[in-house]
Ligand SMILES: Cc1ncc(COP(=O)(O)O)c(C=O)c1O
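Read the single chain below, which is given as structure tokens and is the form predicted alone.
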Amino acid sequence: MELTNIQAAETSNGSYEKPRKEVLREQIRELVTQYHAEAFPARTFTPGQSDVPVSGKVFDAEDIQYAVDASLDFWLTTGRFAEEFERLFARVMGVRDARLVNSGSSANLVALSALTSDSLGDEALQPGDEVITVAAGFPTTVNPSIQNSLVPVFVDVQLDTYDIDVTQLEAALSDRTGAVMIAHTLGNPFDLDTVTAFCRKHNLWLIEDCCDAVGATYKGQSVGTFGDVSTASFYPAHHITMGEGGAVMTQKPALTKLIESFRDWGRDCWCAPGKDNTCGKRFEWQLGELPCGYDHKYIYSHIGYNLKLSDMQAAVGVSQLKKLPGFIEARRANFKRLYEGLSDLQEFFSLPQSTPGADPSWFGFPIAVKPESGLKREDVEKTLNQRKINTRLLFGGNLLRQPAYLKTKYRKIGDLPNTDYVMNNVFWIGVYPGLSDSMLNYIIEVFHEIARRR
């Protein structure tokens, strides 16, 4: 379609059936569809020559249309698409409120920071309080504790599920423990019965990092609904993509206000961008040592950040949400295909196990190279990468051995032997929806070649 065809919308008397800008929008959408077909054609997979990624964005013409549609509004900050996404995503996750931020890492920072607010009284986390977590994970599940002057307390993980070893929770407890903040590793829910019971027993906050686990359930209940606060990520590797982006979720309205405050500069006002006086008394507040009547839009109750995202990103998310059920189904199917195809190699490799009661929404397929097999992880990875099969380690391995954490104040329970085992022996391959049957068959074939050579 050419833009000159705009005249087709003109009536015989010279008026337009639709506003001209709307007709132009429709033509732009059609051109985007044509562009997508030309710019992103289906690719043929050639074993040994084509890459087999571990993750990546899966998108279509509609996703680009949404991004372009938002850009035509030129409302570049959070706007109508962000509001729609927050409403829809909260419904998908089964929570009362979801608030968008610019990344999953920012979501974790906002989630934990919100629990330091003085407005929570005796329940607020104070500098020096402890947060129970694991070292075999991603840095930004731990970093918010350090950034808020809290002390992380590291417990070990279980092998094969790679989730927290809940038998160490009581040993990790002290009179300064204030929260538990852990992730559902690679989309596999941790033992939520034990963790939630522990938090209730000791009156602790629970922050669920669901950045790898959107769509996972535990005993039929969605992850993200168990904690006081939970988080999600929309980085290209995750279950849906906005390019960048994340969300902070809660069932508690009082926490929603704090989440918004820490996300939006620490302000006390809750007006949406471009809105004024939703409280009805904008010039009647007296907070802190400010004069009575100081503009509520410029009153700050917290040391916050600006962690909003653009409406163009949110628009892509709205489109991607339509595809989420199919994405989750594909991840589970790909996981099942790999498990079945590699199950005869357990002399060499430990295959992943889901937590009892969990239905994971797998982010990746973790594999441990058994030391007694005579194989070494680095050799297996090198062979896979030479064959164009991409791999990743289980994030930071043992974060306490990373250079960034060598001088960090923390406690740990025991020597974390399983965490070191993860660091030395575990890696993962992809299950994301962009993998074809021929790619999965090729992966299985190459693993069998490695075992035969041994």
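So that there is no doubt, residue numbering starts at 1 and follows the sequence shown. Treat the numbers as computed from the prediction; the structure is a model and nothing was measured.
One more form of this protein exists, namely the form predicted together with the ligand; it is left out here, but the text below deals with it.
Engineer: Can you check whether Gly245 is within 4.5 Å of the ligand in the model of the complex, heavy atom basis?
Structural biologist: Close contact exists here: in the model of the complex, Gly245 approaches the ligand to within 4.5 Å, heavy atoms only.
Engineer: Quick one: does Ser361 come within 4.5 Å of the ligand in the model of the complex, counting heavy atoms only?
Structural biologist: The answer is no: Ser361 has no heavy atom within 4.5 Å of the ligand.
Engineer: Tell me, yes or no, whether Leu112 is in contact with the ligand in the model of the complex, where a contact means a heavy atom of each within 4.5 Å.
Structural biologist: No, Leu112 stays farther than 4.5 Å from the ligand in the model of the complex.
Engineer: Taking any heavy atom pair closer than or equal to 4.5 Å as contact, tell me whether Phe395 reaches the ligand in the model of the complex.
Structural biologist: Residue-level check for Phe395: yes, a contact with the ligand.
Engineer: Among His238, His296, Arg331, Arg99, which has any heavy atom within 4.5 Å of the ligand in the model of the complex?
Structural biologist: Here the answer is residue option His238.
Engineer: Using a 4.5 Å heavy atom cut-off, which residue among Cys211, Ala82, Val229, Val131 comes into contact with the ligand in the model of the complex?
Structural biologist: If I apply the 4.5 Å criterion carefully, the residue I get is Cys211.
Engineer: Can you say which of 153-161, 101-109, 172-180, 122-130 gets within 4.5 Å of the ligand in the model of the complex, counting heavy atoms only?
Structural biologist: Stretch 101-109 is the one.
Engineer: Which residues, if any, of 134-149 lie within 4.5 Å of the ligand in the model of the complex when only heavy atoms count?
Structural biologist: The stretch 134-149, when checked against the ligand in the model of the complex, contributes Phe138, Thr140, Thr141 at the 4.5 Å heavy-atom cut-off.
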